[in-house]
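Next up: a single chain in structure tokens, the form predicted on its own.
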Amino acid sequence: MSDADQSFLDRVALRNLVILAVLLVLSLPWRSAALSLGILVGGLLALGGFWWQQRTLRRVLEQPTPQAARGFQVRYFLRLAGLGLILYVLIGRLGLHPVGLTLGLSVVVINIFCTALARLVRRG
């Protein structure tokens, strides 16, 4: 991976944190701890998933073997199942706000959308 690629990924990771902070600040006028906590927990889950996927993909690309690709696929589905279980516990058992969780889980998607939009605008 080149320095430019790593720099881009570092900027994406920083923007993820900024977007999560902005969402948290925007949730404050609702004065709902469940909503703010949902955004925070959802955002941390999204950031953790982004970090995990980035790290795992880097390993697969460094050793491009069929076993590495298959292992990535298996771990990907295990991660999705784990995420589903975590969301069940957070919503069903702990009562976190589902809208807050959804907003928090959307941090990476919002970042990708904004990054793509900015690149389109720059290219004219």
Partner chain sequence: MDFFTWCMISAGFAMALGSLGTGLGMGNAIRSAVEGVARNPGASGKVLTTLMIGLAMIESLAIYVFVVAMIILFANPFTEQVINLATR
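Not measured: the values here are computed from a predicted model. Positions refer to the first chain, counted from 1.
Although not depicted, the form predicted in complex with the partner chain is the subject of the following passage.
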Decide whether Leu9 counts as a contact residue for the partner chain in the model of the complex under a heavy atom distance cut-off of 4.5 Å. yes
With a 4.5 Å heavy atom cut-off, would you call Trp30 a contact of the partner chain in the model of the complex? no
Taking heavy atoms and a 4.5 Å cut-off, does Arg58 contact the partner chain in the model of the complex? yes
Is there a non-hydrogen atom of Val41 within 4.5 angstroms of a non-hydrogen atom of the partner chain in the model of the complex? no
Residue by residue through 81-112, which ones have a non-hydrogen atom no more than 4.5 angstroms from the partner chain in the model of the complex? Leu83, Gly84, Leu87, Tyr88, Ile91, Gly92, Pro98, Thr102, Leu105, Ser106, Val108, Val109, Ile112
